[in-house]
Each structure stands twice: as structure tokens, then as C-alpha cells.
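Starting off, we have a lone chain in the form predicted on its own, written out as C-alpha cells.
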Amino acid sequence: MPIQVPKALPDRVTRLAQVRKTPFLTIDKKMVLRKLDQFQKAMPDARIFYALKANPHWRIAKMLAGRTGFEIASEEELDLLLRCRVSPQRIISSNPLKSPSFIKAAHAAGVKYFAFDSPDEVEKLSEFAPGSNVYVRLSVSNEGSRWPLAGKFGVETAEAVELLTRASRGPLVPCGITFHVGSQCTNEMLWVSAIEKSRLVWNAVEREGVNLWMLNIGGGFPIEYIESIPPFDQIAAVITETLRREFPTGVEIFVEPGRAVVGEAGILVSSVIATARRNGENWLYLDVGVFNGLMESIGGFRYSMTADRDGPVHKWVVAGPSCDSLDVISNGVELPELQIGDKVYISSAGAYTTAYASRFNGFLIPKTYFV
């Protein structure tokens, strides 16, 4: 198991912890922009579409509007972006399963790009979004990703060719291929094999007389929690080299980072509400847990935690406040002896925390403050 190294806390976060009710999430605005800038510099030839689902706070949307595009899946996300005056030309939808009402609303607003991976979706898009640019979701390996996204979506090579060819016979414009290697992917070779597989589909579709022009390589780029990860520049360099080899000219590259833009910009601030000794283990209970902010912990995500009290460290089982036994955040967390009311700071919490949170058992969803 990796050794947890506590991260330095910005003064503005600890000051906020003295005056605000926990739990709450802080987002470092400058870090969000730095991460986006890093992405743009590492992949200058790609069109970037921030995956709004990672953190759909309106201030993040407002901050990124005009700097990048957005990927969405619902009417609520569409309405948010339109309220933030994001041009529909900067919006795409890569969820290959969409409700008719969302398709109609997005099409009416001027959104032009939609993913699909089934005959039913071709029929819906033909009826409710004629003339749209459509791209097929290809099934690719997710081995090496912390949060696999395979199985629910995507088709194999032969079916992808068939669906693109089918779309070309109607009122749609087949434009490309998309895939997703899984979230928090630390194996850059998954992008390599997915791009190579996309090339096979591309060639087969061309033989059917269908000309594509866009490849969407999805998201999945990892951030630092407590495990070591490959440097982002290394991942981007491998992807770029593969793209130049497989798609040397005339192809638009789309990419959909979410976690990589906002994840490390967030610190979740919580308070200790109880401690206990159970079956030889130290238990630490926080006012935030699996259901109201840390749902990804059930998928094996381990967050770096820092306390506002010094002293010899002990290993703790850290759990949330609900009555559900599933509400256990992490085991073996090294923290000092803590008392009720002490603050615990959870790093790299900017993505998929408040976005997933519910009010199960009546516990509060953390408010978000920008620093």
C-alpha cells in the first residue's frame, strides 16, 4: 500500500475552515486555469472539451467559457452552459445514449456533434437532430484504469463500421469515432491501442465510401491522489506520437478532460464528529462520506488526508456520517490523535465529489467556495 504523504495546505483554505461550516469544498481558480493551460500546451493540435460532469459548478463553467469547449449529456448541463453564454458551437455530447428531449433541446440550441453506438440512437438522431455530425463510440480496453467505463457503451470494429455506414444513408453526417479508456487511466498504452483500433474502423469505413474527419480520444487522464502516476506530459507525448503515425493529416482531434482540469484544484474540508475503537482498529468519523461527497472511494480511490493537529500518527479507518455500513472512505489512513471538531483536509477532491453527492440520511452536500 502506498505511503500517504500529507500535502501542504494553502493558508486561504485553513483560514476559511475557521469561519465556514463543514463540510465544504474549496476550488483554486488559478489551478484550474493552470491545468487547462498545461493541457493545451501538451496537446496544441487538439480541440479541448471540458467534461462538465466532473464538476458542473456554474462558476467553473463561467471561468472556462471562451477558453475551451464542453462535453455534456443532459438538458440541465445544456441549460447551465447556455446561461453562462457558452456558444453551442463549443458544445458536444459524447454520451451515446440520450433522451429524445435532450436531443431536441440540444439540436434546437445549435449543438452539432453527437455520439452514438446503436441503431436506435441513429434513428433518434435522424428524427430529432437531422443534419448533425455524428460519431460512433468504439469499445476499447479499460485495463489499467481506476474507474473502468467499458461494458455499458461502445461497439466492436465491425459493428462500428456498419453503424457509420447506416448513418450515412440518412439525414445525418457521420464525422468520426470516439472511445474512452476509463477514468484515472495510468496506462498510456491504452490510448495507443485505442487509436490503432480506430484507424482500422476508419479505413474500413472509407472503403464503404464514407469520409470521416474527426477522432475523439475521450478523457481519463489521471491526477495525483496518493499513488504515483505517469507525468501528464509523458502521456500526452505518447498519444501525440501515435496520432501523428496513425492520422498524419486532415483529421480533427477532440479530447475531453474532466478530472485532469479540476481534480487537483479541490480540497474538501471536513470535521471530526466521532472516534471509536472497534475490533482492534481506530475509527474516525467525518461529516463527509461516501454518499455526500466521496462516492469514488467505493471504487478504490484513496485520498490524501491532512489534519490541523500535530502529534504521533496512528492508522485510522475513516468513515462518513451516515448509518450505512458502506459509508467507509478509507482504511489505514495515517493521522494524529484527533478530537471532535478537528478539521481533516482531503486533497484532489475537485472532481466527482460534489457532482456525485446526495443528501442521503439528511447529511449536507458540501458547499463550494472559490479561492
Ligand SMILES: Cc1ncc(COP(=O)(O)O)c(C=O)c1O
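Just count from 1 along the sequence shown to find any residue number. Because the structure is a prediction, the values reported are computed rather than measured.
Not on display, but discussed next: the form predicted in complex with this ligand.
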* Asked: Which listed residue (K62, K343, K53, R302) meets the criterion of a heavy atom within 4.5 Å of this ligand in the predicted complex?
  -> K53
* Asked: Tell me, which of S132, S94, N292, S198 has a heavy atom within 4.5 angstroms of this ligand in the predicted complex?
  -> S94
* Asked: Pick from 22 to 30, 45 to 53, 327 to 335, 314 to 322: which stretch has non-hydrogen atoms within 4.5 Å of this ligand in the predicted complex?
  -> 45 to 53
* To do: Would you check, heavy atoms only and a 4.5 Å threshold, whether F221 touches this ligand in the predicted complex?
  => yes
* Does the 4.5 Å heavy atom contact test between G258 and this ligand in the predicted complex come out positive? -> yes
* To do: Flag R137 as yes or no: does it have a non-hydrogen atom within 4.5 angstroms of any non-hydrogen atom of this ligand in the predicted complex?
  => yes
* **Residue contact check: S297 to this ligand in the predicted complex, 4.5 Å heavy atom** => no
* So which bits of 167 to 202 sit within 4.5 Å of this ligand in the predicted complex, heavy atoms only? -> H180, S183, Q184
